[in-house]
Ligand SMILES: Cc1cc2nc3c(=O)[nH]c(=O)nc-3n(C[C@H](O)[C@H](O)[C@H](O)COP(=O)(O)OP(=O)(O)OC[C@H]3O[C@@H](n4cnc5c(N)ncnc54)[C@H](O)[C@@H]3O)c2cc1C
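Form predicted alone, single chain, as structure tokens, below.
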């Protein structure tokens, strides 16, 4: 490959205690947690709003946050959902039990309201936010990040800081640092396909669904199967999460897998956006023709971001694995507990893949009510790194557990832990890869995190 040497002098910006790259649920929670603890925080995001997949990606339903008995996801994420609900931005059928107690229950919400809440919470925590800003390079040595190079409308700037959190979802910062990462499709045989989500309107919910909360596989599978048998679609994908009710007449649509798309390849990602928009029109026509109550459905918009489910994961101090999940393992250094099923979407539209998904999601990959597994601190730290954390979809896990923890509530818990850990390092001189985790857990509990482990350890769980 031909190369071009790129050199220039760029301005050095002011110094921060912490720079968070990525304004999705993990990045926002990290920045808010650190800001509330007194750190000088810069939060950057490539688009013009906070929320990531929940806003720009229109994945407008928070995944299960409780296990049927207790709320597992509390802390900053619990506060966000409560504020969204109190302001009337959740679906009209939503009650606090949706996220605070019910088993495997989704909480649909309005993306515009979610954006406002995150803006307000970051401002209240003293977080400086820069939109339309990307990290494009890094100054790092000896497993320590000294600064990053960003780009926005003002050009390039060098941002020095003492601590850094990678909440990009694709481990962009960590990869630029040269830390070890695993890539879907390169280090694994398959890539879980993404979906370009949409917002739909003019739905008669009284006829469109049975339980008045969510119309997906349970309500619409018979209609979808008929349409596929009729040759209606350009593919034969029987896996459709469906519509999430976000207002009396509107819904977010999560449907249409973009198979074989690689989110780490710009050409593939670009082609995927085109394919996603084509699929949105196919599903609009499907609902109008086959599903009662959707005859007058209108397509409001597709998302600005592709709903990526899998791209790059770090190699951390610990790798959470399917054996931990199935054993319901609890860790002394766990920074969160979770219950969601292993949700690895179909890799292609074959009958065999759909059967695999159904068996795994409904049986082998599901915890029972009242159960949970722990998320240990070590999956947030690239192995051996001093002042760098990752949080969210790019955390260290195997493929199966990634299918559970890749979602917004788990990402937020990781973000709150990473932001809290960064402040602990600032105050104590500890480093990310050798943190006093007992001290971290105690601080997270003061931040309303639900961490039921009785035994704490000063050292993290490692591979």
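Residue numbers count along the first chain shown, from 1. Everything numeric in this text was worked out from a predicted model, so none of it was measured.
Beyond what is shown, the protein has a form predicted together with the named molecule; the following relates to that form.
Think of it this way: in the predicted complex, the named molecule has a heavy atom of just one of 162, 101, 115, 134 within 4.5 Å, and the residue is 134.
In terms of contact with the named molecule in the predicted complex, the residue from 39, 42, 432, 61 that brings a heavy atom within 4.5 Å is 61. In the predicted complex, at least one heavy atom of residue 409 sits within 4.5 Å of a heavy atom of the named molecule.
Proximity of residue 391 to the named molecule in the predicted complex: non-hydrogen atoms within 4.5 Å are present. Proximity of residue 169 to the named molecule in the predicted complex falls within the 4.5 Å heavy atom cutoff.
Residue 307 belongs to the set of residues with a heavy atom inside 4.5 Å of the named molecule in the predicted complex. Look at 262 to 270, 191 to 199, 67 to 75, 115 to 123: in the predicted complex, residues with non-hydrogen atoms within 4.5 angstroms of the named molecule sit in 191 to 199. Of all the residues from 46 to 60, those having a non-hydrogen atom no more than 4.5 Å from the named molecule in the predicted complex are 46, 47, 51, 52, 53, 59.
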